[in-house]
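Only one chain comes next, encoded as structure tokens, the form predicted alone.
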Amino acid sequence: MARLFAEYGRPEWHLLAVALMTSLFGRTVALVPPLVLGVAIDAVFVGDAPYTLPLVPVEYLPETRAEGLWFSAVLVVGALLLAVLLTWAQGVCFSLFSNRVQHRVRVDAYEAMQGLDMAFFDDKQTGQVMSILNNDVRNLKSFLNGTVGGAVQLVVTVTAIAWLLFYLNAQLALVTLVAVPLLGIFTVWFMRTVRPLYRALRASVGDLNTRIENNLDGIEVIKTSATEPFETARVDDASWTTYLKTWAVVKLEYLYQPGMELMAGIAFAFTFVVGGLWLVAGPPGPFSGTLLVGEFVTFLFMTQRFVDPLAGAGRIVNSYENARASAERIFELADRPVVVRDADDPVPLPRSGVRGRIEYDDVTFGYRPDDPVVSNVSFVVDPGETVAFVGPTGAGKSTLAKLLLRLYDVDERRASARRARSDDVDRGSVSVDGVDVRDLALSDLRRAVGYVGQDVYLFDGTVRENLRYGAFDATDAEMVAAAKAAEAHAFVTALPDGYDTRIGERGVKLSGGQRQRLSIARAMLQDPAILVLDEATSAVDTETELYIQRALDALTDGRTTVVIAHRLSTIRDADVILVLDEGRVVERGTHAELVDAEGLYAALWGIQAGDTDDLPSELVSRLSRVSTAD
């Protein structure tokens, strides 16, 4: 929480300072009416004491009882009006402060999340991240807006009242304040007990969000599988877990809050009894001196105002612990180490443009230690050439493409391609135009490499916004030209609002083939030097595939292209085909060469062509399903 204020509160310190000052003065001014009332009772109505107020010079005080009455009325009304004004200023400043901090925390947390390695998103469920960016950030805002002010008011109120009580009657003040140490001990116990419960609660909320979000994303599968009861049961389990975690916190709150109110109430009752006896029968027991009626009335008013904030300390502690658990999750996300990041001194890409030469040099990579997905893969693609990856499920095809885009790094070494090379440094690298991709700025690399995959993602917005995504400065003429080249212009203009038609979340208002062609047009508009096509035509029908293949031919013309192929007919013209099996390149060559070699590629080709008579049954069974799930 100290870090929260240091990093995010400091830029808005002026708002916090004004809020704290107005809160301090507001609570102090709010104590004026009961103090004036007590003085007026003794000096104006009873008339057995002079009109005195702490910190006010005698020459400013009224001399007669009539003057004292009007003076008291003006003070009370003025204090009430000033308290209202200060409360308004306090609320505005705290609200501005909390909302600005909330905005900065959310944006910074999102930026930190966006910069994390793909390995984070492989392990982390979307709902958990959403819970951090929404629920946890909102908890911090609530704490900063209401609880900080409440804590200041508590301290100011208790301090000011304690001073006034001692000023009026130090002996009776000790009676009233005897409960404060007990309240402090009780609060410390509550904080230590509730802290782990809040951590568990925040985690369970994230799990529940994940379950609901997964089901919303997969609603079509749920409906077509008739598994609504099963999914309802799973949401029920997640919700019940959250309920149990919430109840564990609430039970403790229900013990703490009434306990605080009970101890504070006992202090009030004790003050009432001792003060009442003092007025009726003189100073009781060890007490001495006199107690005026007005002083006693002020004591009762002040004690009640003293009791309320102390009883409310439970809400402050409760909010603090909730916000603390949220801050821990937010900073844990922000502080997560990033492996795939820019080099300290990245190599700039040539201004003349990227030629597009790709080299994989003895590349080995695994998503888990000691479990490589690809092993010792080496090949070179010259500018303008096309290389295709084929192989059975899990062979490592998509993984190789992800290494080119630096969604993952080959290994943890950050060897510079510019330093003097040894055999150890020279091994295990992916390079573009002779530069290790780990030595390029990520933004430069990913602008140079375009990606068109099977699972097309379109944002909720217009066709125009999606086409220009990543090429925000493109003109309308360039956008239309890209759409025409991608065989998309005709169906786009037939939409209700043409290029300004909203296509829904993930482009749900379009067909799969239409979404694919828009993704190709988007890649064309970005004009990358290197293109990665990951199963770009595997999920469409034959007619749509013809449109898409024509668009891809236009897109790949003159570009270095990496193709991950499901339908081998689409890569017959590739300059080189790499056949992967269990993470290793087992064959390489052109289509004709590989078919003549009668190896794994020839077997895959035979399966897709329906000619498996001469193939072993075990091989047919293993290769009959080719996927991109690498």
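In this text, all values refer to a predicted model and were calculated from it rather than measured experimentally. In this text, residue numbers run from 1 along the sequence as written.
Beyond what is shown, the protein has a form predicted together with a small molecule; the following relates to that form.
The three residues R368, K397 and K402 all sit with a heavy atom within 4.5 Å of the small molecule in the predicted bound form. The chain is drawn here without the small molecule; in the predicted bound form, the stretch among 360 to 368, 521 to 529, 459 to 467, 106 to 114 whose residues come within 4.5 Å of it by any heavy atom is 360 to 368.
When the small molecule is considered in the predicted bound form, T493 lies well away from it, no heavy atom lying within 4.5 Å. Taking the partner from elsewhere, T393 is found to have a heavy atom lying within 4.5 Å of the small molecule in the predicted bound form. Contact check for D476: no non-hydrogen atom falls within 4.5 Å of the small molecule in the predicted bound form. For D500, no non-hydrogen atom is located within 4.5 Å of the small molecule in the predicted bound form, even though that partner is not displayed. Shown without its partner, this chain lists D557, D217, D122, D236 as candidates; in the predicted bound form, only D122 has a non-hydrogen atom within 4.5 angstroms of the small molecule. Of the residues Y451, F190, Y408, Y320, just one reaches the small molecule in the predicted bound form with a heavy atom at 4.5 Å or closer; this is Y408.
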